[in-house]
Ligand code: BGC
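Before any questions on binding or motion, here is one chain by itself as C-alpha cells, the form predicted on its own.
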C-alpha cells in the first residue's frame, strides 16, 4: 500500500520555496523525507490513483512487437515516480485476440504472448515492493467461442453446458429470435448449423454471452475470481457488467429513427442491459471480495444514463455492491462546458449518498483527451486543466497510460491498416479504437523505446520525438511534471487528500472553481479557465465560512501569477490556479 503522507513543517517550507516555480516536485528530498501518517479510518482506494495499462501497448521486452508482462515490470519505477497506487491491467488471459483479450478462452492462465504465470507473479511482487497494487480485468458477460465451456455448449442441444449460454430457435426459417443488435454491429444472434439454433452475443460473434440465470455460471465465474484473489490481486475491473442479464421474454427492442454507424436501425437497448437481476450478482460478488483481507475493490465499467442509475451500483446506501462504479458522466462530457462540468461534479457529490465517486477521463475504448477536448492550439494547456479536475476533485482518479505525457489519438487513414474489428466492420464512419491504443512513447529511440522490432503491433505515432517520457521528465513545465505535482499534492495536502468539495462562483460560465476543506487545515481553492482567453476571477469565501483571505500558491499553470488576494486571481488561457487560503 502506498503511504498517504501529510505535510510537516519541512513540507511547508518546501512549498514556499518552490511556489514561484509552479509547485512542489514529486520525488524531491523534501517530499521524500516527509513523515508518514495514514488515516486508519479510511480505505486506500478512496484516495487512489489508478492507472490503466493496455498490455499490448505498454512495453515489449522480447522484441516481438507486442507489449508483455516483463515489459510492464521493467517500467514500474516510472509508475512509482508518477505516484500510481494501482495498475488496472486490460485482459492478459489466453485469448484468440479477436477483441484483443476481451474474448477469453481460459480465466485462470496467462496468454503466452504476454508471458507466463511466473512472469505475472514477478510483476505482482515487484509492484508490491513499490507500494503498487494490481487490478485484473474480469470479463463476466461473455467468453470466447474457443473457451471449453462454449465448445461443449455448442456440441449438442443436450450437452450439460448447453444452458451456460443463450441458445434459441429462430422466429422463422432464416430469421433470428428477435431484432436485437450487437453493440459492435449487425444482429446479436449467430446461427449454428450443427444444432440449428442461434446463440446470443452482445459483442462480437466470437464472444457468446453467458447465461447468468444458470447458477452454475455464477459458480464457475466466482471460481475464477477466487483464483486471482488467492494470488493476491487487489481487485477487479468488471468489463461491460451491466450487460450480464437480458430480458427472458426476448421481445423485440424498440426501433428508433435513423441508422447507426454500422448501417443498422437505431434501437433501444433497455432489454439487453442494466436489468435489475444484475444487482443480486453484484451483492454476491461483494460478499466474496469482502471475505478476503486487505480491502479488495470492485470497479465497474458502468456506462449509465445518469447518476441516479449509478447510485444503484453501489448498493445505494447499503454499500453492498461495487465500491467504485465508474462515473462516466464527468470525464466524457467531451466539450469544455463549465455549467455541464459543474452540474455533473455536483451530482457526484450530492446524489450518491456517502459513497465514493470514481472519475474516468480516458480509456482504451475512446479517443484520447486531445481528440475529445483539444482545440489544436492549446491541447497541452487543456490537458493540464482536465488533470487538475481529475486529481483535484474528491473522487478516486482513474487515468490511462500516456495521459501523463499527452499522447495523441492517431487514427488509421486506410482501412487496410485497421486492426480493431469494429473499424473493419464500420469503416469509414467507425474507424475503430486503434487510435487510442498506440504504443507508449518512452524516448526518442526507435519505436519510441516500446520495442526493438521493426513491426510493432500498431504503428508508433510520428510525434514521439517530442512527446515522450525521456524528453518531458527533466522539464519543470512539461505535462509529465504537472501530473507528478498534482498527484503529490493530492497525497500531501490534507484538504486535497480527504477534504469535502464545494463549487464556487456558480454563475461563472468561463471558470470552473471549487473549494476543498477538511477540519484543522487550510482550505484549498482550485480555479480552471475553460476558455482560450485570459480570465480574472475573485472570491468571497467569508460567506462559505472561510476566514482566510490570502491565497498561498501550491500549483499554477506556466505563465500564471501568484495572486496577492482573493479579489484578483488571473488565469491564462485554459490556466489553472491551486492555492491554500490562509
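Positions refer to the first chain, counted from 1. Here the structure is a predicted model, which means the values were calculated and not measured.
Form predicted in complex with this ligand: not shown, discussed below.
With the partner omitted from this view, the residue of 165, 203, 373, 236 that lies near this ligand in the model of the complex is 203 [heavy atom within 4.5 Å]. None of 273, 301, 320, 508 but one reaches within 4.5 angstroms of this ligand in the model of the complex through a heavy atom, and that residue is 301. Candidate site formed by 142, 184 and 240: every one of these residues places a non-hydrogen atom within 4.5 angstroms of this ligand in the model of the complex. In summary, the region of this chain contacting this ligand in the model of the complex, judged by heavy atoms within 4.5 Å and restricted to 254-262, 165-173, 478-486, 361-369, corresponds to 361-369. Proximity of residue 433 to this ligand in the model of the complex falls within the 4.5 Å heavy atom cutoff. Although the partner is absent here, residue 383 lies well away from this ligand in the model of the complex, with no heavy atom inside 4.5 Å.
Interface membership of residue 207, defined by any non-hydrogen atom within 4.5 Å of this ligand in the model of the complex, is confirmed. With a 4.5 Å cutoff on heavy atoms, residue 437 counts as touching this ligand in the model of the complex. Residues of 83-109 that come within 4.5 Å of this ligand in the model of the complex, judged by any heavy atom, are 99, 102 in sequence order.
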